[in-house]
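A single chain, nothing else alongside it, follows as structure tokens in the form predicted on its own.
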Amino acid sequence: MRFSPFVERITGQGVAAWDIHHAAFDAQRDGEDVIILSVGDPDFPTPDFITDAAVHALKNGDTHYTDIAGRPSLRQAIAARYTERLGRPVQSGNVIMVAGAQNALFITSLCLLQAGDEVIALDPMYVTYEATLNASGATLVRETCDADDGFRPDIGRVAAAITSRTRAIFLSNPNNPTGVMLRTEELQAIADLASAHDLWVVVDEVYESLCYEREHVSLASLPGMQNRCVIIGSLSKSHAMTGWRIGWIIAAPALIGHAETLMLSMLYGLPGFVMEAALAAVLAHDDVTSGMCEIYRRRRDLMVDALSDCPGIRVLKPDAGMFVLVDVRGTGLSSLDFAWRLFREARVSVLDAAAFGEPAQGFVRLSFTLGEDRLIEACLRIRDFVGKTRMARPLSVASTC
């Protein structure tokens, strides 16, 4: 039987990266003592008042079709928050509700891109960006953010990558997997390129509320970005709502209209009781996220401190998010081999960061979404594994690291 060429465009290294996580999840489900650091799924329960809003809506019969773009009250609440964040008016017509950030990126790419277009994405990037962007038929142009430069963008190289076929720039800020948050001058340089070359800029801001050293600045707040910047947002990480599958796109009304047409053919609106929970979450956004941010800050610092003096590895302290990158090149193992051996020998699962892009080759990504006791145990297992690995290497090799 023959399949559409589309199925070839939605595969790739990013999709295969989850194999180790699925193996770890299956082992844990079978009762094995596995510590899973390979996914950004908060260990907190969704706050009770949010769950209660959904339960109340369900009990009152909120189980029918809803507005395709999302309930007006929810869209208005999101618009009001972004009006404050961006320093300019945002209307409910600038907002559409979607089933999570990945769904938002998929819909956006289908509305903006076509075969023959080029889209520049800062590399490394989230593992499913490749398939999401390829699905449109556009050509993905990876613009390297080098490890030696702290995974920060080289704006000169971004500018040099723009051609007559370039249609958009895609990025996450803060970045997943690196935890790098772009500085205002870097955002301004990207905005200037977009204005000069008439490009869309799509910014995944899922981690904007988990920033540790300085406040997040949205590229959409910069002059000239109002009608060419698309913001992707979600409650998954900020409110421990990964399983609720709800996020949004904020963009010019014309793009929102096209996204609504696509949503009509895909989901025909989100569940009403989920949107009632989301409304409660958005209205209490700062109250919820400030506490979570402080917990994640402590966990980040715990992991960085616990691994920073481990010979053979080097820890990168993230600006934001819920992940830390670890340079494992000093162990003599590839990042893929390191990840699989760590799982098989120490029962700790991490992701090979090379799946996020070639610049992260030799790094693994660890989440700090577990309680402190489990994170400490994971770090002890990692240190023990690294020590045994180095002891097993030939002296001539080990002495060079």
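Start at 1 with the first residue shown and count on from there. Small disclaimer: the values here were computed from a predicted structure and weren't measured.
One more form of this protein, predicted in complex with a small molecule, exists but is not displayed; see below.
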| message | Each of 100, 172 and 237 within 4.5 Å of the small molecule in the model of the complex, by any heavy atom, yes or no? | response | yes
| query | Considering 106, 200, 82, 207, which brings a non-hydrogen atom within 4.5 Å of the small molecule in the model of the complex? | reply | 207
| Considering the small molecule in the model of the complex, which of 167, 245, 71, 152 comes within 4.5 Å of it through any heavy atom? | 245
| Heavy atoms within 4.5 Å of the small molecule in the model of the complex: which of the stretches 291-299, 178-186, 229-237, 144-152 has them? | 229-237
